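Given as structure tokens, the chain that follows is alone and in the form predicted on its own.
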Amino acid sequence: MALVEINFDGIIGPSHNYAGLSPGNIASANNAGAISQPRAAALQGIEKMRANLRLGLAQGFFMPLDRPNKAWLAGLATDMANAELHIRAAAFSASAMWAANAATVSPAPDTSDGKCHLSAANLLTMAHRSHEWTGTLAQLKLAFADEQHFAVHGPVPPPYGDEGAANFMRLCPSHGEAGVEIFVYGKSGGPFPARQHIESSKAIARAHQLDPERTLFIQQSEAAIAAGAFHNDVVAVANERVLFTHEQAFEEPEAAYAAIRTKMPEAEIVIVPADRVSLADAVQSYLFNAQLVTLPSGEMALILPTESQSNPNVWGWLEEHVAGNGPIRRLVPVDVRQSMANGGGPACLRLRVVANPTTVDQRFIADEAKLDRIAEVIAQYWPESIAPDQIGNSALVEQVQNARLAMLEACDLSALA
């Protein structure tokens, strides 16, 4: 069967807010306390999916998770009415919208049993994300229930943190061919935590039955983490044979490049020099937190946030690359400002799954008509705005829960309620 890359975007949930819960995420910290716009945020995400469909790309989506997470609160012997503010905010977080953190995915050509393996991420480094995996796992098991083609795994157990595909890359001649899987882990990030533990990466590689000769474990640069690159996908992204990376993405870059070329000699490594685009520029613009995709024409395009276009250092380098003979031939800016303000760009919003779309539960596969229905629900039910001091408001909680239920019903996914 023909295998293609499907980008599954997280629909931005109705509880989207700026509580500033993520140390090391510069945008999240800088916008803590601001008023969010859940309706506008979700509609921006839908427009990004529409744009991908119109580029000829396969597109899927995931539902928002139930918020507030009452089961998690109950485990802490509290509820929304009585919890401390930081616990209440963590229970209400809409951060599951960043589907790149949902799981790590190894396509069938890379695994010894010929199945596509998905491991839900535990996200245990951050309290507000540590309770996502139960809802995520339920959704993955439903979307990828075909056991002939998929194997869905639970998360790596504590104490080893795993952040999913945000710290994972795959290089291959084409999506449907065997590739080299690259797990990027952290050791230290100066004042900020390194979220991906090497033991989690090793465990996932074993669970996914990967060939050790086609698997790499590379350390993320401590300087990059300290600069706000809390995930590897803030400083590097890969697609088919191309690795697009900042010069300071990896702790030992030359060793990393040599290891990649040894395992995949045809790999094309595009390095953005620090003297042209600083780490600060990369983090501010989310240049690398972009979707590097192969269009039906065979050309590669970079779907990147409009913030990259407004950064002269970043945009100047990109225009030079496209004008030259580099592998990226097209730049596609998209407006995801509400997500960006909370520290997530276009790449954060999607989980890449290489599969035949017919083997996926079709309720999770997007087309224009489905996106129209989803947009109608968002316009009708999503809150227009949320201020941080509203998070414990019972009327808002009821609105958020009703909005999600309306979305599940519209997508015939009430089984996830």
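The first residue of the sequence shown is number 1, and the count goes up from there. Owing to the predicted nature of the structure, the values given are computational and were not obtained by experimental measurement.
Keep in mind that the form predicted together with N~2~-(3-carboxypropanoyl)-L-arginine is not shown, yet the notes after this line are about it.
Asker: Heavy atom within 4.5 Å of N~2~-(3-carboxypropanoyl)-L-arginine in the model of the complex: which of 227, 116, 100, 318 fits that? Just give me the one.
Answerer: Result of the distance check: 100.
Asker: If you check 88, 175, 129, 149 against N~2~-(3-carboxypropanoyl)-L-arginine in the model of the complex, which one has a heavy atom within 4.5 Å?
Answerer: Answer to the contact question: 129.
Asker: Any chance residue 208 has a heavy atom within 4.5 Å of N~2~-(3-carboxypropanoyl)-L-arginine in the model of the complex?
Answerer: The answer is no: residue 208 has no heavy atom within 4.5 Å of N~2~-(3-carboxypropanoyl)-L-arginine.
Asker: Quick one: is residue 200 in contact with N~2~-(3-carboxypropanoyl)-L-arginine in the model of the complex, heavy atoms, 4.5 Å cut-off?
Answerer: Close contact is absent here: in the model of the complex, residue 200 is far from N~2~-(3-carboxypropanoyl)-L-arginine, nothing within 4.5 Å, heavy atoms only.
Asker: Although the partner isn't part of this model, could you tell me whether residue 408 comes within 4.5 Å of N~2~-(3-carboxypropanoyl)-L-arginine in the model of the complex, counting any heavy atom of the residue?
Answerer: Outside the cut-off, so no.
Asker: With the partner left out here, check for me: in the model of the complex, does some heavy atom of residue 359 sit within 4.5 Å of N~2~-(3-carboxypropanoyl)-L-arginine?
Answerer: It does not: once N~2~-(3-carboxypropanoyl)-L-arginine is placed as it appears in the model of the complex, residue 359 has no heavy atom within 4.5 Å of it.
Asker: Please determine, with the chain shown alone, which of 184-192, 293-301, 230-238, 75-83 has non-hydrogen atoms within 4.5 Å of N~2~-(3-carboxypropanoyl)-L-arginine in the model of the complex.
Answerer: Contact-bearing stretch, as computed: 230-238.
Asker: For a quick check, can you give me the residues of 289-318 that have a heavy atom within 4.5 Å of N~2~-(3-carboxypropanoyl)-L-arginine in the model of the complex?
Answerer: Going through 289-318 in order - heavy atoms within 4.5 Å of N~2~-(3-carboxypropanoyl)-L-arginine in the model of the complex - there is one hit, 289.
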